[in-house]
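Here's a solo chain for you in structure tokens, the form predicted alone.
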């Protein structure tokens, strides 16, 4: 559709009237070629991976049959055992420590990695970017495996793996918030003769304080979910029980562990959502 201006009979402001034109799709041969290439690639991928649609349609029925035959009824008495309750507490502590140390390290790295506010673009900027990207590039499970092989089994490896995970996760979000600030306050503080640290403390932090608080809460929520699984690779906590029962084919106990993980993650989601809502109200 195109618009053309016409004048009212009695004068006054012109009125825009629609002029009909043929809708052409796609606009160019390049657009058509890209879309066709995507569809061809999708079809080739389905054939190469031997994806059979009839098996996907039967997935729900097979899943229900598997749960009924192997995992039902779950052995819920496991959830009241003192050792398992201690494992739950260990998991929460591991998530808390990983989040705390990760955020403490992510904050200065985010400052260094922000292009508009980094104290030194030649050295600190690439260092901050490389540190954050390096932590994000490796999955927390891989970090756990590497640290367990170095430090041995236990919560220390899990807490360090979650720390590295939180650095990469929160550092990227925090640096993006810094790059979106209003430079007017920064220039005003710099005009007083403040150094880089004072500019960051009095011009940057007040603008990103609320956003960083929300990022910290979300980081803890994600780290808590990861902490329930890193124990599967030797970091202790609930994941150790999950690994043990999976290897011993104790399916009913596996179901009980999975139920406890879902319940804890649900509680964590509710608490983090409430905290984020309170932070949003403080804006």
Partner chain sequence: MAVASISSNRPFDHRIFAVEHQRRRARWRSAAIAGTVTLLAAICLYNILVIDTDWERMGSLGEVLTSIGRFLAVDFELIPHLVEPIIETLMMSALGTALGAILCIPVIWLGALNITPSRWIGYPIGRMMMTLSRSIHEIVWALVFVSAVGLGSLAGILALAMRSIGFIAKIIAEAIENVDPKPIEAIRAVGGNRLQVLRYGIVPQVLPVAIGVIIFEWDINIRRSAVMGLVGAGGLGLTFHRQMVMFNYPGVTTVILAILLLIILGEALSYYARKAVI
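We call the rigid core whatever largest set of C-alpha positions still superposes within 1.5 Å between the two forms. Numbering follows the first chain given and starts at 1. Just so it is clear, the structure is predicted and the values come from calculations on it, not from any experiment.
Below: the form predicted together with the partner chain, not depicted.
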query: The partner chain contact in the predicted complex: residue 125, any heavy atom under 4.5 Å; finding: no
query: Contact flag, residue 271 vs the partner chain in the predicted complex, heavy atom cut 4.5 Å; finding: no
query: Residue 80: touches the partner chain in the predicted complex, heavy atom cutoff 4.5 angstroms; finding: no
query: Residue contact check: residue 233 to the partner chain in the predicted complex, 4.5 Å heavy atom; finding: yes
query: Heavy atom within 4.5 Å of the partner chain in the predicted complex - residue from 29, 56, 68, 36; finding: 56
query: Contact residue in the predicted complex, chosen from 76, 85, 100, 130 - any heavy atom within 4.5 Å of the partner chain; finding: 100
query: Stretch 30-47 - residues with a heavy atom within 4.5 Å of the partner chain in the predicted complex; finding: 41, 42, 44, 45, 46
query: Did residue 247 shift 2 Å or more between the shown form and the other one, C-alpha, core superposed; finding: no
query: CA of residue 68, rigid core aligned, shift of 2 Å or more between the shown form and the other one; finding: no
